[in-house]
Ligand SMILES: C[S@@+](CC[C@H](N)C(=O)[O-])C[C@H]1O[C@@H](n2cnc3c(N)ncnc32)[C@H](O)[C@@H]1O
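Here you get one chain, nothing else, as structure tokens; it is the form predicted on its own.
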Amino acid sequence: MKARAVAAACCLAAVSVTAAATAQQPYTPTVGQPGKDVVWVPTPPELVQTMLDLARVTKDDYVIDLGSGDGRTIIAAARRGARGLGVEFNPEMVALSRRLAEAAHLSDRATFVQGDMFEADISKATVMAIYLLPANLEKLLPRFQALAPGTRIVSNTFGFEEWDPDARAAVEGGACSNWCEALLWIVPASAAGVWSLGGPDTLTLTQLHQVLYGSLRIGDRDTPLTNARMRGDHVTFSAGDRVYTGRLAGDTMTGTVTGGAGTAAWTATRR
């Protein structure tokens, strides 16, 4: 009887030690594991760097990643001196991200919170660095378009149905074998409307994302615009042999026009 009791006690102790060891094992995510809105597939380190390069992330930026996973993009941005916020629905992923940021001595610049990416406050972002499916991106599109002009949105591979990227950069080799292209969008200012250039002269613009359409009326002559685009709050377009560049602030554009008689200043006010 005594031998059985000792054996049982030893067995219980072994089970307790095994359970304790299991409980202390760090959380390790699995590629392809399901999440609330997407499965987890991490962006290869080479592409993370390419995304940050394409968005020209510096110490002056505040980077937000929606569905931040293990936090690698925000931690990489923090290594460049930027501040960042990762929003992740899986609390175990959030805890892992915090541990990795602490281990890299970057907790002061890399913050991670548990939350729903569709409800997160992204208003302070200067850069959105994301890896989401097209359906997720389309749902988030109105919120991205409401960000301050000049905000950069950089994505791994997937984009928007009707919003073409401003730039692309591909990664070849290394850990990248699939989904290895960085896409960049720059949130454009709203330039649509009729603008007065003084007297009867007018600039008429319509806009689809960063692309502008319209005409310039000087006196009684209308000239259709070509190569007309917004890049953040910077505007450029050609009218005949003249090239206009400028900056939009509220309802005023100011800049320079080159061609014809040389270079001159121009100003337009939205009616």
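Residue positions are given as counts along the sequence shown, with the first one as 1. None of the values given here were measured: they were computed from a predicted structure.
The form predicted together with this ligand is left out here; the points below concern that form.
- In the predicted complex, no heavy atom of Gly232 sits within 4.5 Å of this ligand.
- Contact annotation for Pro42: at least one heavy atom lies within 4.5 Å of this ligand in the predicted complex.
- Residue contact check for Tyr131: one or more of its heavy atoms lie within 4.5 Å of this ligand in the predicted complex.
- Proximity of Arg98 to this ligand in the predicted complex falls outside the 4.5 Å heavy atom cutoff.
- Residues within 4.5 angstroms of this ligand in the predicted complex, judged by any non-hydrogen atom, belong to 62 to 70 and to none of the other stretches in 62 to 70, 242 to 250, 222 to 230, 199 to 207.
- This chain appears without its partner; in the predicted complex, the one residue of Ala76, Val87, Ala125, Ala182 with a heavy atom within 4.5 Å of this ligand is Val87.
- For the options Gly159, Pro149, Gly115, Gly193, the residue carrying a heavy atom within 4.5 angstroms of this ligand in the predicted complex is Gly115.
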